[in-house]
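First comes one chain, alone, set out as structure tokens in the form predicted alone.
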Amino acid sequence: MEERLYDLIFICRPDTPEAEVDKLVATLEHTVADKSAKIEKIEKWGRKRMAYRVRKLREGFYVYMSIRSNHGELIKELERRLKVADPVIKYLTIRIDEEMKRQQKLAKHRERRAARRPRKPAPTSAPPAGEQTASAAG
């Protein structure tokens, strides 16, 4: 099975102590290591204001993780753990590699179309616009 790249973002309650957020991240890291996957990046974005209320809260503590895995079961397990974790109010997992493949395919398609399209020749003997107006005035 091919390796897949996922982005996982979850939001914790704003009053959650950072030690508890670290404990939750460590639990997720341990789960990822058990499934022989790899965490590319972990970023704690801190407290941010949300666009709309979630569970009557206006702010949340954001955490971002980039995960590389061969197993789809890993994502199901991570989402299950986030669902039962008390501090987590919202989470989202996105598979990134499909979008990257699609972007590469579109770029190749554009290159092929550009190669087929004949280039317009640049104008060679046209004088600059400033010279035409000066001779017409005199």
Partner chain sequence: MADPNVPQQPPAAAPPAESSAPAEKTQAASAPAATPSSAQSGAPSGAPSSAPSGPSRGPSSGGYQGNRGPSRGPGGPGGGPGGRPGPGGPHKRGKRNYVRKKKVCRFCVDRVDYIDYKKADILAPFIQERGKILPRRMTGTCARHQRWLTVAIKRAQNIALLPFAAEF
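Just so it is clear, the model here is predicted, and its values are computed rather than measured. Residue numbers count along the first chain shown, from 1.
Keep in mind the form predicted in complex with its partner chain is missing from the figure; the text below concerns it.
- The closest non-hydrogen atom of Leu24 lies beyond 4.5 Å of its partner chain in the predicted complex.
- By the criterion of a heavy atom within 4.5 Å, Arg110 is counted among the residues contacting its partner chain in the predicted complex.
- Although the partner is absent from this view, Gln103 contacts its partner chain in the predicted complex, with a non-hydrogen atom inside 4.5 angstroms.
- Although the partner is absent here, Arg80 is not a contact residue: none of its heavy atoms lies within 4.5 angstroms of its partner chain in the predicted complex.
- Of the candidates Arg68, His71, Lys48, Lys44, Lys48 is the one whose heavy atoms come within 4.5 Å of its partner chain in the predicted complex; the others do not.
- Contacts between 82 to 115 and its partner chain, taken as any heavy atom within 4.5 Å in the predicted complex, involve Lys90, Tyr91, Leu92, Ile94, Arg95, Ile96, Glu99, Met100, Arg102, Gln103, Leu106, Ala107, Arg110.
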